[in-house]
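Take a look at this single chain in structure tokens; it is the form predicted on its own.
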């Protein structure tokens, strides 16, 4: 157990550094709009899963209401731009602040809830926000949705091509990963892990439970709202079904779990597996058959890698290191012989 952070760091460096260099160069080599758009979608879901992981993985609060924060970010940035002409760059910050405040409030309200009771509470919160988005037509226009008119240009985060959105998505993912790394290496990160493992013991040792849970919930919500604002400007159209639907919360949690819940880079790797898998199956098989095969393949992935993709990579790295040590030992023994 004590070597897990070190192992994760080795895997992250071995995989993450070459991957980061490749990601920066992607628009230079990929001109197909479909594949570049798919890559942008992967980056967004990776950022969402990484943000969710702060409260759901590090703190152990398995939330099914993060679509609410995603919707708050999307609607805040869009409404500020449409009604007041405020750039989505500032709308993104406003949405993050509003969602962070909501996250802190939910964290405080659900403080004493654990396990399925906490999950149900977050689910109820997400459903309430979705119902509000559908029925508050004066503000959200309900199911008709809101359209961002193109014409703002780069100064308003509205681009004619998809390449700039690739770099914005990459920046969003870098932000969520950077915040996660900073938390994991800070006292707050150790406190959150202690709360996840045994809240009563952590409380007895002096961990400030209220402060830690509220902080984790607020940070996770704020980062999720940033992804919502990014989504709104990228798609340039939002409605309740695309921003606050319950399935969005499930997808976020699923990606984090497949990648490796509680790890730093696992959720991003989960998005790299889950999102292309779903999109390619839908494009090739369509509707029902694609969903059935998608579900079966996810079951196989979870069974094959119960600790997530990052755990599988850790095991492979450990096996490679063990094999290298055995080969080195064999060579030395032959040399002595």
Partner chain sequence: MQLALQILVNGLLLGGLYALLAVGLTLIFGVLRVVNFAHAEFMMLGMFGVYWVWHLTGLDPYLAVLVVTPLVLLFGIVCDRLIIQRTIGAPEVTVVFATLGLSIFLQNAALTLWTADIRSVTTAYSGMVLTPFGLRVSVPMLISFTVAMLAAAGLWLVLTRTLYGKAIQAVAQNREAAALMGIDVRRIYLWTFSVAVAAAGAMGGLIAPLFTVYPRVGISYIVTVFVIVVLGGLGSVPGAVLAALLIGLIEAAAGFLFGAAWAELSYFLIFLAVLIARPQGFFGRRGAEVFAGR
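Residue numbers count along the first chain shown, from 1. Quick caveat: nothing in here was measured; it's all calculated off a predicted structure. Rigid core here is just the name for the largest C-alpha set that superposes within 1.5 Å across the two forms.
Another form exists, predicted together with the partner chain; not displayed. Remarks below refer to it.
**Q** How about residue 201 - does it come within 4.5 Å of the partner chain in the model of the complex, if we only consider non-hydrogen atoms?
**A** So residue 201 does not count as contacting the partner chain.
**Q** Check whether residue 85 has any heavy atom within 4.5 Å of a heavy atom of the partner chain in the model of the complex, and answer yes or no.
**A** Residue 85: no, not in contact with the partner chain in the model of the complex.
**Q** Quick one: does residue 138 come within 4.5 Å of the partner chain in the model of the complex, counting heavy atoms only?
**A** Answer no; every heavy atom of residue 138 is more than 4.5 Å from the partner chain in the model of the complex.
**Q** Consider residue 64 of the chain shown here, and say whether it contacts the partner chain in the model of the complex, taking contact as heavy atoms within 4.5 Å.
**A** Yes.
**Q** Go through 214-222, 130-138, 167-175, 181-189 and give me the stretch that gets within 4.5 Å of the partner chain in the model of the complex, heavy atoms only.
**A** It is the stretch 130-138.
**Q** Looking at 102, 119, 80, 195, which has any heavy atom no more than 4.5 Å from the partner chain in the model of the complex?
**A** When the partner chain is considered in the model of the complex, the option within 4.5 Å is 119.
**Q** Which residues in 248-263 have a heavy atom within 4.5 Å of the partner chain in the model of the complex?
**A** Heavy-atom contacts within 4.5 Å come from 250, 253, 254, 257, 261.
**Q** Cα of residue 277 displaced 2 Å or more between the shown form and the other one, core superposed?
**A** After core superposition, the displacement of the residue 277 C-alpha between the shown form and the other one stays below 2 Å, so no.
**Q** After the core is matched up, is the C-alpha of residue 297 off by 2 Å or more between the shown form and the other one?
**A** Comparing the forms between the shown form and the other one, which are aligned on their rigid core, residue 297 does shift its C-alpha by 2 Å or more.
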